[in-house]
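Shown here is one chain on its own, the form predicted on its own, set out as structure tokens.
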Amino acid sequence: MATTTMTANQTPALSNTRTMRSMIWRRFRRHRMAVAGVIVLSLLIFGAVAVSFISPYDPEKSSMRERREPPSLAHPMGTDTLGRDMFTRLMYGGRISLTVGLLATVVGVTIGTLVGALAGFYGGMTDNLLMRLTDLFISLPRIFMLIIMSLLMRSLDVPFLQAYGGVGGIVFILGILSWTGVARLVRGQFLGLKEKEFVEAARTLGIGNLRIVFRHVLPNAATPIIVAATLLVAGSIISESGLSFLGFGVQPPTPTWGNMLSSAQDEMRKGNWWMAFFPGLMIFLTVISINYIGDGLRDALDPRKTD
């Protein structure tokens, strides 16, 4: 009898979950540019992951006979100053740029969610201290701090920070400088949610504050966090590309779109346009795709929106 009751109770919940998912997907696919963004981003990720199977070239192997060749059937995106295939290097560089963007976002969203959740839920002195800390980080000149911290990370003899041309250090820098917007967003969500009836009911049952924060309130604030995270990925990719372009990011010979764009500056004056065009195109396509996906998710997850 108990089993029958439990099954009967679970069936409507499962049905409601499926209905919600189908509604979100229906809203999302109406956003044509968001769907196009998913397709473009999926192709870029596939190319970055499967490049060793797609391309016959070694990204580090130079060929003096094939230096500065324009796009052709043999080299669809041309070759660079050392005769290396641009398409292969761009796809390997995409691994680094996309990984940096994703991991930096994980770090930034984690810090911002913790700070915002604690500030919004506890309020009072905790809120004041954490929000003043957030204001301090917001007031710091971003590009200046990125450069200074990049130089500092390079001087530290820590294997994790120095691996793959300094990828670990760049992820750490971008992560600890990108959490402020998420913190403010989460704080605003928690200020409204902590007064809801389900929080009062949880307190009445004797549930501890931390469990209320992470098991009851945070899931209800997940929608804006997801949308903010997608936009933060795009911002992190741009920041990494900018740092690498200035020479303070991931160091050669590890390829990224930013340092490939930087090394092509002089070649543009010589008419070798493809060396700068294709890295810039990869950055543009990735960032605009992620931004459109974020817009689509915002519309799909908006509880005020009706079908």
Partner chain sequence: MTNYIIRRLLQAIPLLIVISMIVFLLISLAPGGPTSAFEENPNLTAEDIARLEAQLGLDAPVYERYLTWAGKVVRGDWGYSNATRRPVRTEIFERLGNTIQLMSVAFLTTLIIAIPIGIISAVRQYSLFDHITTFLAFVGQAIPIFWFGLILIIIFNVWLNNPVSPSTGFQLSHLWNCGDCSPLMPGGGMTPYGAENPTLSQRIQHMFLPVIMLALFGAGTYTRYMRGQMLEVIHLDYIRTARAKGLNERKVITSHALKNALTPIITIIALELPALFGGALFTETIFSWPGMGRLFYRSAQRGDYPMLMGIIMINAVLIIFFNLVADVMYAFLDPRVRYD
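Note that the structure is predicted; figures quoted are calculated from it, not measured. Positions refer to the first chain, counted from 1.
Just so it is clear, the following notes concern the form predicted in complex with the partner chain, a form of the same protein that is not shown.
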Original post:
Contact between Tyr57 and the partner chain in the predicted complex at 4.5 Å, heavy atoms?
Top reply: no
Original post:
Taking heavy atoms and a 4.5 Å cut-off, does Val199 contact the partner chain in the predicted complex?
Top reply: no
**OP:** Evaluate Ile39 for contact with the partner chain in the predicted complex, applying a 4.5 angstroms cut-off between non-hydrogen atoms, and reply yes or no.
**Re:** no
Original post:
Taking heavy atoms and a 4.5 Å cut-off, does Ile288 contact the partner chain in the predicted complex?
Top reply: yes
Original post:
Heavy atoms within 4.5 Å of the partner chain in the predicted complex: which of the stretches 64-72, 22-30, 41-49, 242-250 has them?
Top reply: 242-250
Subject >> Ser155, Met268 and Trp273 each touching the partner chain in the predicted complex (heavy atom, 4.5 Å) >> reply: yes
Subject >> Stretch 137-153 - residues with a heavy atom within 4.5 Å of the partner chain in the predicted complex >> reply: Ile138, Ser139, Leu140, Pro141, Ile143, Phe144, Met145, Ile147, Ile148, Met149, Leu151, Leu152
